[in-house]
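Read the single chain below, which is given as structure tokens and is the form predicted on its own.
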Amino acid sequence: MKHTLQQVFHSGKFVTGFSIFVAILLIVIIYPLIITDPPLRIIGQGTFFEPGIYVNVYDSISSPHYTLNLDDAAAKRIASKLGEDDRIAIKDWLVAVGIPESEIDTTDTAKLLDQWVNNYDPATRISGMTNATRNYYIRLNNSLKGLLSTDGVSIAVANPETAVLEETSTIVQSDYVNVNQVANVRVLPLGTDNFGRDVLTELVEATRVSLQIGFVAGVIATLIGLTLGLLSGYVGGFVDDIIMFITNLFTVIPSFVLLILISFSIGQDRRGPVTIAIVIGFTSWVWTTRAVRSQVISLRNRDHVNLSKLSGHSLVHIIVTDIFPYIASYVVMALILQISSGILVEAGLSILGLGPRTTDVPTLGLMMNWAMIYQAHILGKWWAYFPVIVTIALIAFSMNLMNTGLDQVFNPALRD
């Protein structure tokens, strides 16, 4: 065993895949110990907040202010509210209302805004303009008000006796606060999803649940395939005919179609992660059975097996002692592939809306389903779906690397 493990961990592919998989497991285990928020808790009153550091505005006003004279501060402020796409959109509007294109310079912010203020009218109807585009211009106009202003912002409170607003302080454009002195700061490395939930916290929990689903489904499929393959390959005869008939029947019927029918018949309320894992496991054993059977057929007439038969050993003893150790490495590789396949199948089911119930726990497939329903890919909200794709790809990639590494170690035809 020690020599075998040394061989396995001398395989570069196995070590690479194993390292990636262990890193994912460590994140899944350690992150919830540090961030204890429920993964489905709504923290944002809105959808798809961008990744970043969020500072409480109310607390930042009361924090100590520092004056920083930064030359590029105004340019950054303007760029954050008036990007290149917005400048082109303003130019398109001005040209549509009759301003000569030669008089419009999108690089001259002051002149461009002056032309916009003097010509923009939300009531103007331009031929071919959709309501969505018209609403975009209205939002753009609201965000550009006072963009070039150098005046500060007055903070006023109501006098409880006279009910008149009285100015208490002024915040000028050169005022800054130290983020470490603001009471409430929340880091959202992956922003929020369509429900206003922290995507990173949700992603970690979804990865944990998907790994559990893959593990349960993989173990069930491997055990069924191993048992049927051992019996079919060693016993042969009528038993082999019956098992192969059932196997061929499941081979003809596409397993994913069968999964869809079973998941739909179970119903949304009864579809938990374990239920889905069991269903996947009971429909994914076919190729393992056929592969194990072919391995056992090549082993059942070996000399040591015949000697065990002549010694009067039982069927179970022969299978467990004389045959199974020779295919154990293959069974481990089959288990790895079954776990990876279980995760991918769950993701496919959930994208179709046939995965675990959405009010229970998140899975990687459910996160993809939510992002697709709320059109994150169309709106450009990459953080709602791209990290999920990367996570699924890393899990599948790491497991396939481990499987390839094991195959190189245990398959004589592939050894260097």
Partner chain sequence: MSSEKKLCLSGSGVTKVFGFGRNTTLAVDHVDFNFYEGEIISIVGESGSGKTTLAKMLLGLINPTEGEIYFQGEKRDISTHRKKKEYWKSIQAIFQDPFSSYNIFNKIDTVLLDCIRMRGGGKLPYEQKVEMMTEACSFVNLKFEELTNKYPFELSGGQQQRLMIARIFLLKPKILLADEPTSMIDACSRATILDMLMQLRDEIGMTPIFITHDIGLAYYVSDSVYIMERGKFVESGSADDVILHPKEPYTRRLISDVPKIYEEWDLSTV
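Numbering follows the first chain given and starts at 1. Just so it is clear, the structure is predicted and the values come from calculations on it, not from any experiment.
Omitted from view is the form predicted together with its partner chain, to which the following refers.
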{"query": "Stretch in contact, per heavy atom within 4.5 angstroms of its partner chain in the predicted bound form, of 119-127, 265-273, 323-331, 216-224", "finding": "323-331"}
{"query": "Exercise: D303 in contact with its partner chain in the predicted bound form, heavy atom 4.5 Å", "finding": "yes"}
{"query": "Any non-hydrogen atom of R87 within 4.5 angstroms of its partner chain in the predicted bound form", "finding": "no"}
{"query": "Contact flag, S314 vs its partner chain in the predicted bound form, heavy atom cut 4.5 Å", "finding": "yes"}
{"query": "Touches its partner chain in the predicted bound form: K145 (any heavy atom, 4.5 Å)", "finding": "no"}
{"query": "Its partner chain: the contacting residue among L310, A73, A156, I242 in the predicted bound form [heavy atom, 4.5 Å]", "finding": "L310"}
